[in-house]
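First, one chain by itself: the form predicted on its own, in structure tokens.
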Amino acid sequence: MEKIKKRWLKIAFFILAPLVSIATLYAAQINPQVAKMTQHTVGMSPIMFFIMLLIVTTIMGIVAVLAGVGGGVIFTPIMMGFTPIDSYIIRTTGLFVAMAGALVAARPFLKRGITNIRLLFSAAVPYGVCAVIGALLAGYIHNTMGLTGEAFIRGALGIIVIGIGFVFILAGGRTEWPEVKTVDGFTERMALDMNYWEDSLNKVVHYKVTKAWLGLLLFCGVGLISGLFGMGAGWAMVPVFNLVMLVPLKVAATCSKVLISIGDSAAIWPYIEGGGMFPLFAVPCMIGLIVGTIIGTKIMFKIKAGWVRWLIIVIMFFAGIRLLLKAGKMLHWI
């Protein structure tokens, strides 16, 4: 029954995606301002712009799945570093894509009972609130600081992306089932311990959580970065859950997906209110990344994808350096 549901969901997506694409392109074609903007910004007609985005984001989705990261981690820095598109539109789309992908992934995780609901709700408050604050701050910078604000966003994102590259290099310390020796009083009062059924062991796994106070503080920073820069936050959430709070890796990954769907659903609204949602850009990016994710999932079982992780690291460093150079040129430092 579950396989039948998944099959029909895929069929519905592949039917609706072309219809939404046609509607978006028709709206763009009949709007001369949109056609003029795409021609002036990227030198393409709306149709070519749509097709090019669809191809590029599909490739991004495939690479992201093979590397085990969210598409937003690749999408936002590459688009901001290598395209002339306004960063506010890119960040809006980055949050939209991260939210859409997480919402699709959240349902099966919740249904199977792997997600720790108590831990999820505890982390959702600091993450969601700070993600909204970050989105509001992004709107303020966009509206008041002009080119200086644009340079600040690109430069700061460049530093963060290079930092993410180092996180990927050092992420080998993750463990499937971390051993918790002591639980602090704050975490104990929150009662975050839980059980879940582990298919690989064919038994129920009971695990404890520790250092919840530190994890919640870190989620404030993660939410602020996610909202301000329009990036998916799975790259930071999984290490916080797994390495700081010592949550099993599978639980950490599932909690991360559900948490992104909650926090980014709130953070996207200040961007929409600020006029950052551009359908001709958002629609092909969302469709491309989802299609790429589906294709990447099929490929992942047939090839050894270890080398893709190093490809992502190279991309992160390259995009980070590119963003820093762009910021320097905007401020006339270079």
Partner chain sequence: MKQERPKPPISGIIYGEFAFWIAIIGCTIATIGIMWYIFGSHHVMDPQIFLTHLLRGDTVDQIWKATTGDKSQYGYWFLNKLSYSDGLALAGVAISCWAAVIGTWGAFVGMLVSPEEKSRKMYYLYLIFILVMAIILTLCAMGVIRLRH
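As the structure is a prediction and not an experimental result, all values here were calculated from the model. Numbering follows the first chain given and starts at 1.
Just so it is clear, the following notes concern the form predicted in complex with the partner chain, a form of the same protein that is not shown.
Although the partner is absent here, residue 261 sits close enough that one of its heavy atoms falls within 4.5 Å of the partner chain in the predicted bound form. Interface membership of residue 277, defined by any non-hydrogen atom within 4.5 Å of the partner chain in the predicted bound form, is confirmed.
In the predicted bound form, the partner chain sits within 4.5 Å of a heavy atom belonging to residue 188. The shortest heavy atom separation between residue 179 and the partner chain in the predicted bound form exceeds 4.5 Å. In summary, the region of this chain contacting the partner chain in the predicted bound form, judged by heavy atoms within 4.5 Å and restricted to 232 to 240, 113 to 121, 70 to 78, 247 to 255, corresponds to 113 to 121. Between the options 162, 103, 183, 151, the residue in contact with the partner chain in the predicted bound form by a heavy atom within 4.5 angstroms is 103. Only one of 82, 140, 213, 166 comes within 4.5 Å of the partner chain in the predicted bound form through a heavy atom, and that residue is 140. Counting a residue when any of its non-hydrogen atoms is within 4.5 Å of the partner chain in the predicted bound form, the hits in 236 to 271 run 258, 261, 262, 265, 266, 268, 269, 270.
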